[in-house]
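This document opens with one chain alone, in structure tokens, the form predicted alone.
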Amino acid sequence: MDVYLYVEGNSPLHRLDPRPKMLLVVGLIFLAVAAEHPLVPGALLGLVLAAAQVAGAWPALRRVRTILLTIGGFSTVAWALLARGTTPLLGPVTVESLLYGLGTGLKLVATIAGSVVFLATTKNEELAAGLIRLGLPYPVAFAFSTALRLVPTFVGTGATIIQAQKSRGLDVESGHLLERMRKHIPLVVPIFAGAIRSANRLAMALESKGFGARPRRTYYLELRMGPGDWAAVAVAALMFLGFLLIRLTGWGEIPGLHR
């Protein structure tokens, strides 16, 4: 079972240095949360989907589509009901609250989808190297990249355990939602045991290879910024500038909205 989000490819996004890609993701998050109106996050989501098309990152997005739809839909409905406006629409929902709910849902979907596209086009080794070149200590960068690597490993372990239990006659798919959740509770113990075992093996491997024995390290992966990378940095700078302009001018606010 392949649980990693990275998708092999040779697209322009794959060839970008990880540092400008990190700046693009941060700029995307800042610009998405800058405005209340759904126009800005909707346009950003369109750009993210276009980037996914260019990079061939649709397999990674399809794996998280349920999460995206659930978070986006729940946020839209919740804020449409909780926020208040001056133009009635349907029951407690007003035009302003609906716009605000759509904007909030699109913000979450755009930022999560953008992060998924980043992980789909960036290897863990490139991510660690980029963090180090940005000034983070090597242990911190290694811990961050290892966390990203271990999460899908644990997910794969859980899927393997569930499949093994199914082959032994365990039925985890019948019944209502709460009953299915209750059937998964006994699987938590072997999953945590496998996670602890994997972490212990990783710690022994690091100790045997002298992790942290020398303050200075050499790296197999050397990062060099090219014209395309600097163009991506310029786009990220425009995103940050757009964030400042929206915040200072108040553009993108929804008139008549009361949160």
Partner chain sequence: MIVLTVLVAAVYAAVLIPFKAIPIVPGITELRIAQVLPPVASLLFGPAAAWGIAIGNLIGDLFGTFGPGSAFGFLGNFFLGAMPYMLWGRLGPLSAHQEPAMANRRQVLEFIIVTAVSGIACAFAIAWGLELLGLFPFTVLGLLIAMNNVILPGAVGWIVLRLLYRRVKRWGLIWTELMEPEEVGNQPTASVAAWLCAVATLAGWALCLALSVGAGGKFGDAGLQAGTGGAMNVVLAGAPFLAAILLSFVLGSPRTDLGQQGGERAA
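Think of the rigid core as the biggest set of C-alphas that the two forms share within 1.5 Å after superposition. Positions refer to the first chain, counted from 1. All of these numbers come straight from a predicted model, not from anything done at the bench.
Not on display, but discussed next: the form predicted in complex with the partner chain.
- In short, of 51-59, 22-30, 221-229, 37-45 it is 22-30 that has heavy atoms within 4.5 Å of the partner chain in the model of the complex.
- The partner is absent here; in the model of the complex, the one residue of Leu89, Ile132, Leu148, Val77 having a heavy atom within 4.5 Å of the partner chain is Leu148.
- If you check the partner chain in the model of the complex, you find no heavy atom from any of Val93, Ala236 and Trp251 within 4.5 Å.
- None of the heavy atoms of Gly175 is located within 4.5 Å of the partner chain in the model of the complex.
- With a 4.5 Å cutoff on heavy atoms, Ala164 does not count as touching the partner chain in the model of the complex; it lies far away.
- Taking non-hydrogen atoms only, Ala83 approaches the partner chain to within 4.5 angstroms in the model of the complex.
- Residue contact check for Lys123: none of its heavy atoms lie within 4.5 Å of the partner chain in the model of the complex.
- Using a 4.5 Å cut-off on any heavy atom, the residues of 85-117 that reach the partner chain in the model of the complex are, in sequence order, Tyr100, Thr104, Lys107, Leu108, Thr111, Ile112, Ser115.
- Core-superposed comparison between this form and the one not shown: CA of Trp79 displaced by less than 2 Å.
- After superposition on the rigid core, displacement of the C-alpha of Gly158 between this form and the one not shown amounts to 2 Å or more.
- When the rigid core is held fixed, the Cα atom of Ile132 travels less than 2 angstroms between this form and the one not shown.
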